[in-house]
Ligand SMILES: Cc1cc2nc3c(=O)[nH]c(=O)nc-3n(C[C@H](O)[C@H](O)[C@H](O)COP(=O)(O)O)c2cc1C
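Shown next as structure tokens: one chain only, the form predicted alone.
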Amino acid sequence: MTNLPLQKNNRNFQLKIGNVVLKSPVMLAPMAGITDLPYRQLIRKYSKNSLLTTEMISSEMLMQNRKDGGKILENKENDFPLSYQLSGHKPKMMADAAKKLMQMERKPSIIDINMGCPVRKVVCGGDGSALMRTPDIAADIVKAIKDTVDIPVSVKFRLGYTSGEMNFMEFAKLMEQSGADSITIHCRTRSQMYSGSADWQAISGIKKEINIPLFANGDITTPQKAKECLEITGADAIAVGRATLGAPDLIHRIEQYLLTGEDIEQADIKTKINLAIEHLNAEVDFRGVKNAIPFMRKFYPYYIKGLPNAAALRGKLMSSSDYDVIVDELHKISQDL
């Protein structure tokens, strides 16, 4: 394992996670309902080496062979390195789900275990962040999956369930002892959800206590913030999630800033509108026009952010169910810029 080199002109960065060697210090964080195949392909359009991650995949859903679960598993060759994220709280079922993933034509590079999702319906079932309250079960899940697969296993979790239950240090040590090859910490508690500020300083002592790679996550919105986060946390790398919405070039910009010192200008608004069209078309190809149109509504506010009449444009894009009307509107916006 190598620590992140922050000096300029270091294009030979390597970070070893088990038997996987990463050439980028940046990972796309998993986001439910976001990081599907088309979204990952947009990230890959700019960043060629970053570790990408799927949406959260329910182990229950996977083992039930539900027809609506097939799309979430799809990948392309250039997706790799690619981590598949599993959620659940039953060690044997999680191991069986991991085994099933290993039977795919292109198997995962890494299997990530979701112990950080704060959504109520997830934690009420004992999954996600709820596992930080049941560390013995969390450890058994890691052990069960490690005994089943021959690829690295990572764990993503938070500072704790509440501000009074910040057990991230003990949890990190336990995950390593259980066999985890790396960890990612979102620097908020479950009770914070996504509000407030990520507390990077809180995890600054972890690298003195563990020997596996640490990814820091939360509020990394610019290349400069990425560098600041690494300096404060002492992490080996970072995971970027929500900040990539409407900015699929962000991970590449962060990579270049960290490894070469080059501060690449972000995509202009015209480019972002064209990316929105590209994204929409990719989703139509992926899931069909009927499902793609409502699915894309969550993304439009990010692509058009900054336009003087963004609110009115957002209303038009999100209220229409006609593909041609939406594309015409986006083209019109692009041509007027």
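The first residue of the sequence shown is number 1, and the count goes up from there. Everything numeric here is computed off the predicted structure, so don't read it as measured data.
Keep in mind the form predicted in complex with the named molecule is missing from the figure; the text below concerns it.
Just one listed stretch, out of 24-32, 287-295, 307-315, 38-46, contacts the named molecule in the model of the complex at the 4.5 Å heavy atom level, and that stretch is 24-32.
Taking the partner from the other structure, the named molecule in the model of the complex has a heavy atom within 4.5 Å of a heavy atom of residue 239.
A residue is said to contact a partner when one of its heavy atoms sits within 4.5 Å of a partner heavy atom; residue 181 fails this definition for the named molecule in the model of the complex, lying far away. In the model of the complex, the named molecule sits within 4.5 Å of a heavy atom belonging to residue 56. For the chain shown alone, residue 219 is a contact residue for the named molecule in the model of the complex, at least one non-hydrogen atom being within 4.5 angstroms. Out of the listed residues 148, 75, 114, 192, 114 is the one that sits within 4.5 Å of the named molecule in the model of the complex by at least one heavy atom.
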